[in-house]
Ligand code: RP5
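Given next, in structure tokens, is a single chain: the form predicted alone.
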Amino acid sequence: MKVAIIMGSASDKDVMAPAWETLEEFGIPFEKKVLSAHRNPGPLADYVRAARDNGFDIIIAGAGGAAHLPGVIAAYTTLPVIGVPVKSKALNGLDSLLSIVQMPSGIPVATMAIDGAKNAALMAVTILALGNPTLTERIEEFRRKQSEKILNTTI
């Protein structure tokens, strides 16, 4: 059980940090990489093609602007790919969101909200929990605590 977190640029680090922080919270092993779909497509393809053999079960990919990274990754693997559109200066992340969500039929990418790295990690945990009763209990407990926090809020 392992998750790859791939960013298109080191500048995406702050947006993607909640993904690895959440995976750490659940005790899920992960690896972080910066690989660009446009600037180093060869090394990206090599990494993704070898992901399953290297023990990865899911890939979380964050990218801004043209945001082709999650789709390119999905073209090279049948592992689940979760895309995180990163907020851009030009169009506030709408460009990133539309790029990731508009994948052609047959090459799916689960797409989160703009800057939604935490939810990407929670989706990964939920997928991994399908075959892991202990992890299922942990995600259920996370949701119970989240609910209790709201119910105990006073204004």
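Since the structure is predicted, the reported quantities are computational estimates derived from the model, not experimental observations. Residue numbers here begin at 1 and follow the sequence given.
There is another form of the same protein, the form predicted in complex with 5-O-phosphono-beta-D-ribofuranose (RP5); it is not shown, and what comes next is about it.
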item: Partner contact for residue 39 in the predicted bound form: 5-O-phosphono-beta-D-ribofuranose (RP5), 4.5 angstroms, heavy atom; value: yes
item: Distance check, residue 120 to 5-O-phosphono-beta-D-ribofuranose (RP5) in the predicted bound form, heavy atom within 4.5 Å; value: no
item: Any non-hydrogen atom of residue 63 within 4.5 angstroms of 5-O-phosphono-beta-D-ribofuranose (RP5) in the predicted bound form; value: yes
item: is_contact(residue 147, 5-O-phosphono-beta-D-ribofuranose (RP5)) in the predicted bound form, heavy atom dist at most 4.5 Å; value: no
item: Residue (of 86, 59, 125, 112) lying close to 5-O-phosphono-beta-D-ribofuranose (RP5) in the predicted bound form, criterion heavy atoms within 4.5 Å; value: 86
item: Stretch in contact in the predicted bound form with 5-O-phosphono-beta-D-ribofuranose (RP5), which is absent here, among 22-30, 63-71, 103-111, 47-55 (heavy atoms within 4.5 Å); value: 63-71
item: Partner contacts in the predicted bound form for 2-37 (non-hydrogen atom within 4.5 angstroms of 5-O-phosphono-beta-D-ribofuranose (RP5)); value: 8, 9, 11, 12
